[in-house]
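Before any questions on how it binds or moves, here is one chain, the form predicted on its own, in structure tokens.
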């Protein structure tokens, strides 16, 4: 559905995007991640045709964004971080307007509006002014305008920003439902949301791709030999645990729990457990530490920046 090859975008002396390449497949929900200023929004603007690339190639459903921009826009529904809403219009009128400018044929327009209202849970507010809606309902209206013309690709930039936990769950459910039928790119700083919603992620920093792959594989690769250990009789000083053979680092987690960094070798781990028993700490639990997307994100960005500074 999306093919990005060696994409560059330069603003004056600033390289916002520097040689990005990745592919998004049909029916996939992709998490597009990166810290502020990483180049995410710029990349999405190039994909949607809002800004041209400086170099490289971007194809959407087989259409080049420079050679056939109208065909690209027909394929895309876009929800920017700040939805393009008109507060003086009712929800129904606004969606009818959105359908018209998206060239939905007049005979199909009413059906398109009704479908978007139902899909995004807007029935109870359809006759209210957009400006009088809560933040959560305004985001739903933004989602509705993105799907009004039945696009095959949806690009969502921070769809849950500023929402309370209940609204986040509701919007996440809508995105999942939409993603069953379409390809979705989801950019968000709420990484548990991405982990719960997406099949695969691409992480960028300073305009470059620093990690990409299925979420399960990234989580597994990022564990780095960490073990969670719960002790019946913890030592008085954590340094006593750091002095154990084969241990790279130890962090206290409270209630007798510790996170150990050790090599992935089974023999080393067995010797660690034997040493804990021999020293009388009484290990009650030893298990691999479950990783999170937040930890992977922090690790890959920190590593990339350290390597870049070392080269500089």
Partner chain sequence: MNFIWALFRREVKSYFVSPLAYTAIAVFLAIQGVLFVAALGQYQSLRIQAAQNPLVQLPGAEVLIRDFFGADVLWALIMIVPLLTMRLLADERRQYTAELLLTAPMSTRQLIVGKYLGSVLVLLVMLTMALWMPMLILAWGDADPGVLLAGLLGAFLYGSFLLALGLLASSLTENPFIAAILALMFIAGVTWIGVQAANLPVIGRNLDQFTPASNLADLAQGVVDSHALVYFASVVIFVLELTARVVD
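Quick caveat, the model's predicted, so the values are computed rather than measured. Positions refer to the first chain, counted from 1.
Beyond the structure shown, there is the form predicted together with its partner chain, which is absent from this document and is the topic of what follows.
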(message) Tell me which stretch of 230-238, 115-123, 165-173, 83-91 has a heavy atom within 4.5 angstroms of its partner chain in the predicted complex.
(response) 83-91
(message) For the three residues 50, 70 and 145, which mark the spot I'm curious about, does each lie within 4.5 Å of its partner chain in the predicted complex through at least one heavy atom?
(response) yes
(message) Quick check on this chain: which one of 182, 102, 206, 226 has a heavy atom within 4.5 Å of its partner chain in the predicted complex?
(response) 102
(message) Exactly one residue in 199, 135, 74, 189 has a non-hydrogen atom within 4.5 Å of its partner chain in the predicted complex; which is it?
(response) 74
(request) Please run the contact check for residue 45 against its partner chain in the predicted complex: heavy atoms, 4.5 angstroms, yes or no? (result) yes
(message) Is residue 111 near its partner chain? Define near as a heavy atom within 4.5 Å, in the predicted complex.
(response) no
(message) How about residue 106 - does it come within 4.5 Å of its partner chain in the predicted complex, if we only consider non-hydrogen atoms?
(response) yes
